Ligand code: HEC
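What follows is a single chain, given as structure tokens, in the form predicted on its own.
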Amino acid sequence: MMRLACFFLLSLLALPLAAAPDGAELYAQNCAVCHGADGRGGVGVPLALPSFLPSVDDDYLTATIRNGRPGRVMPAFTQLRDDQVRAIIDYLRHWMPAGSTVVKLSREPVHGDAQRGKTLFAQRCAACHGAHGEGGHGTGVTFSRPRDLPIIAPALNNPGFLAAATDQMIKTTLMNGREGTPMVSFLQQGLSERDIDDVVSYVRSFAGTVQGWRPGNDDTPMLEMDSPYSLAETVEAVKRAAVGKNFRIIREQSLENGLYAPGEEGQETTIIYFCNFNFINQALALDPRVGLFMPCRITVVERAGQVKVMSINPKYLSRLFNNAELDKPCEEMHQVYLGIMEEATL
């Protein structure tokens, strides 16, 4: 029995230890596409700013990764294990300037006059952060923000931000500013510490008034309608309807275009591409990722003698991209697609 126990123990000791999570690899898989491989930003905010990482503690970064920013592009990474989140944060820290350390802040709440802070916020903060703390428009890439700004102003009324940021962190940012961004020190701008406490109290009051953003409840990724006409007739009807909605036809092509020699492509699936350049520019300014689905397109398919008209559901984009600013244009495009498809299949 003793020999069996010793053999079992030695077998356990011989097993390889589980490899620790690789923070660099996890960052590349989950973060780099938005924040940049070098942490200098893109669709997401720049993380490697010298003034950022030393000013935020691990709790703030953990809560941000876990909760994201509802409706503000940053998703919630609920699928990551705690040790994986820890590994990502450790990797982020390697961008801190040499010799710098993470600031140690009290978790005590700030007590100020929120009503007075509201007036100061309107005077000092609203120009960048919005009248109600909704943040700057667009994303972090240069197409959707002024090119002289390395970062757009974050949404201070966002439930994800308010859950992650302590009062003392907000206060410290107001007092010191954030070098490398438009955020200046309010002390250097002439405000007193009492003034700053009042602004912090007003920002914290957003937590009681702003609800978490929820994407539209339209879970259908595709729009689809039956056509009573032939495929060729339906294609022409879609083109007429799109032009009637002030869109320009870009091209039409078979799904098999490029896969077979010219003239040999099957015509059972035809894609009609169309565009309204003014609308596209507005949508791209809100979120350049919309370009993945541009120009607009409707597909006409014939299967077993039945012709169908199909398109992606634009209302699905806000859910996919986690960007509340897309709600209105996606709703508009949803109605446009439905209008074109209904007119083409009447």
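All values derive from a computational prediction rather than experimental measurement. Residue positions are given as counts along the sequence shown, with the first one as 1.
The same protein has a further form, the form predicted together with the ligand, not shown here; the description that follows concerns it.
Comment: 182 to 190 is the region of 247 to 255, 182 to 190, 229 to 237, 269 to 277 lying near the ligand in the predicted complex, near meaning a non-hydrogen atom within 4.5 Å. Taking the partner from the other structure, the ligand in the predicted complex has a heavy atom within 4.5 Å of a heavy atom of V33. In the predicted complex, the ligand sits beyond 4.5 Å of every heavy atom of K315. For the chain shown alone, L61 is a contact residue for the ligand in the predicted complex, at least one non-hydrogen atom being within 4.5 angstroms. Though the partner is left out of this view, P46 does reach within 4.5 Å of the ligand in the predicted complex, counting heavy atoms only. Using a 4.5 angstroms heavy atom cutoff to the ligand in the predicted complex, all of C125, P154 and M169 count as contacting. Taking the ligand as positioned in the predicted complex, the only residue of 92 to 117 that brings a heavy atom within 4.5 Å of it is L92.
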